[in-house]
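For reference, the chain that follows is the form predicted on its own, supplied as structure tokens.
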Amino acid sequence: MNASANTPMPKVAIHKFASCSGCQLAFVNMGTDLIELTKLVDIVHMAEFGHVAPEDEPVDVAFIEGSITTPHDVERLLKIRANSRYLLTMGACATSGGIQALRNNADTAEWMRSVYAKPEFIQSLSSSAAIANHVKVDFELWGCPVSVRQMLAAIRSLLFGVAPQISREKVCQECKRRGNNCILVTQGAPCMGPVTRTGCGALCPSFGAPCYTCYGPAENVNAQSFGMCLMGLGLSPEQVARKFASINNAAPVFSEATQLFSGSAWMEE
């Protein structure tokens, strides 16, 4: 997929599903980088820009923001996948189901009856699912919101016919490179850096705040051991479970940790 003066620019579409639109806004916030990007690709669909193309229009790269929560979402997604050469998910919602996936642990039908006067008119799936639960995903960009630097790197890699590469190392390693004092050690605060992948540049720890798992699970995570470490800091099993049940709560390793440390599940251990 190489762009040149003699061939049409590759077409890129950015589609939104159930989300806050923060990852689309990350595109908008690129500033001058976005202007340079438009010299390399033709962005044919992005609601935040006001560019809305049919979802069955063939594109070279489709970025997906948001999780799948309705039957209509599934229909749209299948159409997009069928007409995209590469499909990339961006952000926590698209890659793991997002904060809204917390509802997956509840009785959806009962919840809807408690909220809506006529729940029979609400068309909703019983879960908030990642894009990869429904279609093939060629590459995932984690984060809440996604990293502009990683988005640009992924697009440039695809333009040169190279598979994108994103590090899955831990936030702790980024902290070491930045010379940050370890929040977990020096403050005794429940920083999630040891189980979270980098990508944010260790933003929160650099300002003295603990990591919140925005970029999802890192490589080789021992969630049970780390949960025991957090309990050693004084957190209850339920509080540990809540640490994992956050932005990327439906990511398998975090979901398993949540179940392990929540209430009766922990007592059975």
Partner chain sequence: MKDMRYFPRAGLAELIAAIKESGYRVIGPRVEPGQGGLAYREIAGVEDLPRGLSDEQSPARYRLHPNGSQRYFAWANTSSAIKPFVFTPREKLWTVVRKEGRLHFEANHEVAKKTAVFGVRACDLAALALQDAHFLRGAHTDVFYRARREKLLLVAVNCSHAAETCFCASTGDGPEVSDGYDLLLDELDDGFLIRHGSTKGAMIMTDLVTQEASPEQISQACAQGELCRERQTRALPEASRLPGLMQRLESPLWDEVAERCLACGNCTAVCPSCFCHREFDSPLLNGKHSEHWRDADSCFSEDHSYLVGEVVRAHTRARYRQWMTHKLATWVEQYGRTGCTGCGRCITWCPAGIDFVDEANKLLSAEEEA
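Just so it is clear, the structure is predicted and the values come from calculations on it, not from any experiment. Residue numbers count along the first chain shown, from 1.
Another form, the form predicted in complex with the partner chain, is not on view; read the next lines as being about it.
When contacts are defined as a non-hydrogen atom within 4.5 Å, none of K11, V74 and A82 contacts the partner chain in the predicted complex. R168 belongs to the set of residues with a heavy atom inside 4.5 Å of the partner chain in the predicted complex. Looking at E174, you'd find a heavy atom of it within 4.5 angstroms of the partner chain in the predicted complex. In the predicted complex, the partner chain sits within 4.5 Å of a heavy atom belonging to R156. Using a 4.5 angstroms limit between non-hydrogen atoms, L184 touches the partner chain in the predicted complex. Contacts with the partner chain in the predicted complex, taken as any heavy atom within 4.5 Å, map within 27-58 to D33, E36, L37, L40.
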